[in-house]
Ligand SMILES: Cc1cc2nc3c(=O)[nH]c(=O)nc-3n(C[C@H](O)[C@H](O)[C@H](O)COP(=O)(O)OP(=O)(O)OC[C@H]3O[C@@H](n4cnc5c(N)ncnc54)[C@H](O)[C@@H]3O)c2cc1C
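In the form predicted alone, a lone chain appears below as structure tokens.
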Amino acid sequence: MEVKDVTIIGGGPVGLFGATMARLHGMSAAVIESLPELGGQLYALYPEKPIYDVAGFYGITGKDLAVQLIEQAEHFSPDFILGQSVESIRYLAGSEPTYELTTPTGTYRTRVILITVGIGAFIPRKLPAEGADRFEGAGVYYLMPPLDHFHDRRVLVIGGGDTALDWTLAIAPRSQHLTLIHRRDHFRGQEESIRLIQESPAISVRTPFELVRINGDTHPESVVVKEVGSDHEEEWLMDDIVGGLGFLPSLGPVKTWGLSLKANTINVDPASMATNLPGVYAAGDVAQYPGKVKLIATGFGEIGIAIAQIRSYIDPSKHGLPHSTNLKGIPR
């Protein structure tokens, strides 16, 4: 069985950059991703959301950033193993210790594990309304379909956090009209998003309201909403309902691997991104240490630290990394 130098668990932005950096510095690499495509939550949840905090880009969409990271990683030819979740890891001691990773369909060997699973499995909070289950995927959405789907349609978005606000701003320019409801008077998202929504003539905001029922035969035709704290109900014609109640993060099997955890994050040494297990590192949103700031840019920086330490772990004669301008391209 082939033994990789580095196996990265998680094919989101940070994992993809990790694969690029590992290959760039002469290490063999594989990426195991539970979803059927690369890009992680950035691609699956926020494909049309503009991102402003990645150096060198102004307002690049989540999808475009993911595509560029995928193309960059593919240039260096790591192995991509998609649609598989790592269920267990086993440390194999010896003169050259390795790990055995087990998925539902196979086993893989590696010298080092780099965990970049972000918030873990993103399980959407379902709408607690009559009819929501019946129309899921056919008029009720928790993951963003292509924005063109909403062209000239009446759309209802439910929620008060960044998920709901981001999707409202992304959908509104395409829709015939969009209504945003929240069961509280105040929103929890970014102030700039709230301001843009309040100033948009294409968006109606109704608070405090909650969704009671979705009516229709094969697809939604109308919704019944209720003013919170009263018996007042209203029926509105709607074509699509988008649940923006956020997601329930879960590390799943990762919690059983013996790692030092804090809630749904992994404790690491910020000087090395090493976990409490030998040869296991973590980076991105899943990594936790004092003062951690959860940004894509932070994750990219953590990858630089982790790859430097991994390189030295695999070959103690090598310390640190070459300067960026001294790199020669695809490793041989």
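Numbering starts at 1 and runs along the sequence shown. Keep in mind it's a predicted model, so treat the numbers as computed, not measured.
Beyond the structure shown, there is the form predicted together with the ligand, which is absent from this document and is the topic of what follows.
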Query - Full three-residue contact with the ligand in the predicted bound form, heavy atom 4.5 Å, for 13, 41 and 120 - result: yes
Report summary line: Testing 22-30, 43-51, 272-280, 259-267 against the ligand in the predicted bound form with a 4.5 Å heavy atom criterion leaves exactly one stretch, namely 43-51
Query raised in the report: Just one of 86, 73, 170, 158 has a heavy atom within 4.5 angstroms of the ligand in the predicted bound form, so which one?
Result: 86
Query - residue 294: touches the ligand in the predicted bound form, heavy atom cutoff 4.5 angstroms - result: yes
Query raised in the report: Could you tell me if residue 35 has a non-hydrogen atom within 4.5 Å of the ligand in the predicted bound form?
Result: yes
**Report entry** the ligand contact in the predicted bound form: residue 179, any heavy atom under 4.5 Å
**Finding:** no
Report task. Would you please decide whether residue 175 lies within 4.5 angstroms of the ligand in the predicted bound form, comparing each non-hydrogen atom pair? Result -> no
**Report entry** Within 4.5 Å of the ligand in the predicted bound form: residues from 151-171 (heavy atom criterion)
**Finding:** 163, 166, 167
